[in-house]
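Listed next as structure tokens is one chain, alone, in the form predicted alone.
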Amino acid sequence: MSETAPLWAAAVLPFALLALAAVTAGCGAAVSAAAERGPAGSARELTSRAAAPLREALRLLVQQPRTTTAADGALRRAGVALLPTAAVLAGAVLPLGFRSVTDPGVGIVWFNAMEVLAWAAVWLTGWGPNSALSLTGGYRFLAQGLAYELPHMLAITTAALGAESLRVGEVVARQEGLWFALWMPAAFAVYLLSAVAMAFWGPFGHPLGRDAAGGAAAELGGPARLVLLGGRWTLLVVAAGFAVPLFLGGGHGPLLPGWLWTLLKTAAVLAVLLAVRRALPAVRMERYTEFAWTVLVPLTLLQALAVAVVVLNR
């Protein structure tokens, strides 16, 4: 079981996640620039490329908010605010080393529930402006959720099954000798894929797609757009971070302290997720739904069955 962090950690958590999201966005911008314009010629150019998200954030902070006819402002504001809120609440059960803000007995269920809040957030953001393009983006995320959620749930349930507990701290404790990723590779791979979809990132970026003029964010400008995009980056960080206690042994590792192992493993997972943006093409959602339900769901069920047999014979 994880130790509970001091009370002040709950106040620090949003800022820590926001800082990690900003660093990840900077790395993503540097990787994208390198792919489009070639490697940076100097450290100054590399820094300038990595600082592009910061410049964009400052621009959005002073930009005039956009308005649309007959918009439901309250609904739009609720959706925009809900996305980073859901990401931070999901991050509350992430242990840094062996200490987390909270370690409830149903921590894995809590994480999944906060993820579903993100569905509502994007849909509300798309519905609020009374615009066809933003509504299309909102509904795209709901369709995407129907495709990835079932294999995603089976993947995280498999980790809980291996630990015989829904408490995140217990899942970490069970991996002291062997990481779950080594004997649950299918569940780990499915989790990583669904983490990308959960953060509507890369090949699963349809909810904010350019073909729909930005989708759910089409009618957002100024600080509201900044909060939504920041929430998406925070969600990506949290989804990557949850892979560490579920499948990569949490803070377990030689020589280094647990908190440093957690950060290193999270950085490695984030690097993989950033690379996915370039490695995989955009996926048409009806085709991914077919793939998820006919391939990923049976695959994760077989993985769960194999884990159940191991658990019963301990």
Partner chain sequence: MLEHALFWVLAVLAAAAGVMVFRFDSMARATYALLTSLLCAGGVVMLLGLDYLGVVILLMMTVEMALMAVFMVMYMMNPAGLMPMSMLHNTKGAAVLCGAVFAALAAGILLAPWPARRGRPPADPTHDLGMSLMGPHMLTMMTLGMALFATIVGTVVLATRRGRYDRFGDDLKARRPDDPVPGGGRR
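Numbering follows the first chain given and starts at 1. Everything quoted here is computed from the prediction, not taken from an experiment.
Omitted here: the form predicted together with its partner chain. The next part is about that form.
Here the marked residues Val116, Trp123 and Glu286 all reach its partner chain in the model of the complex, each with a heavy atom within 4.5 angstroms. For the candidate set Leu166, Leu192, Leu226, Ala212, a heavy atom within 4.5 Å of its partner chain in the model of the complex is found for exactly one residue, namely Leu166. Of the residues Leu133, Leu161, Ala173, Met153, just one reaches its partner chain in the model of the complex with a heavy atom at 4.5 Å or closer; this is Met153. Note on the interface: of 218-226, 201-209, 233-241, 105-113, the segment with non-hydrogen atoms within 4.5 angstroms of its partner chain in the model of the complex is 105-113. Its partner chain is not shown here, but in the model of the complex it comes within 4.5 Å of a heavy atom of Ala74. For the chain shown alone, Leu182 is not a contact residue for its partner chain in the model of the complex, no non-hydrogen atom being within 4.5 angstroms. Its partner chain in the model of the complex is approached by Trp127, whose closest heavy atom lies within 4.5 angstroms of it. Contact between Leu178 and its partner chain in the model of the complex is not found at the 4.5 Å heavy atom cutoff.
Contact residues in stretch 132-158 (any heavy atom within 4.5 Å of its partner chain, taken in the model of the complex) are Tyr139, Leu142, Leu146, Met153.
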